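Here we start with a single chain on its own, the form predicted alone, put down as structure tokens.
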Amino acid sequence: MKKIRIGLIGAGGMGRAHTIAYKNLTNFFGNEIVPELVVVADVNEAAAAKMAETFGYQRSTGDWMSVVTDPEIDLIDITTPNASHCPIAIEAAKNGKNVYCEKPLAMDAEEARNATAVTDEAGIITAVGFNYLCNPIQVYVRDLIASGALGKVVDFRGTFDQDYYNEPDQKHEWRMFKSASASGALGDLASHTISLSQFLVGDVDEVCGMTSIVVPERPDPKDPSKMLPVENDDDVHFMMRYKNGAIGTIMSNRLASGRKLSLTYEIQLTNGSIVYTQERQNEVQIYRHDDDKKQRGFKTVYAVPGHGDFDKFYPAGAGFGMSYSDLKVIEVHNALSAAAENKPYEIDFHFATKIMEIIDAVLESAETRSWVKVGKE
């Protein structure tokens, strides 16, 4: 049994999701790796204390620096607002701590590259919370594409639409300030779609995009009589050209009426197609062009043992639906396993930096109304 001592920074909703995953880890993956909940930190000390009491952290604090310098901590888990991700990660690395950080990694690609360089030099393990990649069905899809059975990837079409900001009395949130979140729907939602594109299809070479702010101001949550500006994108569309020759599009709207968790993609290949929606996360639609002509059509493939870590949860077979929380358990297992074995994790700071480079290129393209190369020259 290997214990990993956790220092969580951020006692909000995502901190809660990570903590629940830690609590459930051994139920599904056994006692080979056991997280020890040592300390939770938050600028709201009362929130940190409440989380410690509720979930069994040994202590709480309002000072995150005391967590990253604590010799009793093995891994720093960052679930704070976007602007603080890299500063915390860098200090953790300087103190020899492994880092598990929620997405997006950084405010921009330069900050992400700098944090990656620091963590590389420190020799620590990093992981980033693109939890939808932990879905066993995505492991199946990637293996299917890699097998060549459906031919060569031609086109990727992805979305991530939600209507959580489409309420008429929706108050302003920190995510709407560039200083706290940089981009809007692009970084908050579309980054997940980009991560699936990266995971399944590969590196993007250039992009051409446009953004829109649909609601330019919203009521101040502290004083609804005052209005605050919405500084980043409500809606984003962009085209992509991959380094392998494929092309694609991604669209994301955080005011999309009727859309709840519309994270979707269609991948068209020379000998078939793949269609997926996160709202039905335990299945995927596969079309094989070499099927008998009288029986061609999209067929449903359900997640089953043999797809990723599905058997850890439901060894009996297909039809047993995994949840968002289950994906977080897999993500936590992957991050802690990498730390315990001191082996790089695929969804690390390098992977997350590629996502940030695409986001930056889309924002530049929207500003200049031109195609933009992705990545540092």
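Here, rigid core means the biggest group of C-alpha atoms that superpose within 1.5 Å across both forms. Since the model is a prediction, treat every value here as computed from it, not as a measurement. From 1 onward, residues are counted along the sequence shown.
Missing here is the form predicted together with a further copy of the same chain; even so, the following discussion is about that form.
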Of 196-204, 272-280, 176-184, 99-107, the segment with heavy atoms within 4.5 Å of a further copy of the same chain in the model of the complex is residues 272-280
Can you work out whether Ile33 and a further copy of the same chain are in contact in the model of the complex, taking contact to mean some heavy atom pair no more than 4.5 Å apart? no
Is Lys222 part of the interface with a further copy of the same chain in the model of the complex - any heavy atom within 4.5 Å? no
Are any of the heavy atoms in Arg113 no more than 4.5 Å from a heavy atom of a further copy of the same chain in the model of the complex? no
Would Phe55 sit within 4.5 Å of a further copy of the same chain in the model of the complex, counting heavy atoms only? yes
Each of Asn24, Asn27 and Gly321 near a further copy of the same chain in the model of the complex, meaning some heavy atom within 4.5 Å? yes
Looking at Asp74, Glu91, Asp188, Asp235 here, can you tell me which has any non-hydrogen atom within 4.5 angstroms of a further copy of the same chain in the model of the complex? Asp235
Within 4.5 Å, heavy atoms only, which of Arg142, Lys226, Lys171, Lys260 is in contact with a further copy of the same chain in the model of the complex? Lys260
a further copy of the same chain in the model of the complex - contacting residues of 278-296, heavy atom within 4.5 Å: Gln278, Glu279, Arg280, Gln281, Glu283, Tyr287, Arg288, His289, Asp291, Lys293, Lys294, Gln295, Arg296
Gln285 C-alpha relocation of at least 2 Å between this form and the one not shown, rigid core basis: no
Quick check: His192 between this form and the one not shown - does its CA shift reach 2 Å or more after fitting the rigid core? no
Superposed on the rigid core, does the Cα of Pro71 end up 2 angstroms or more away between this form and the one not shown? no
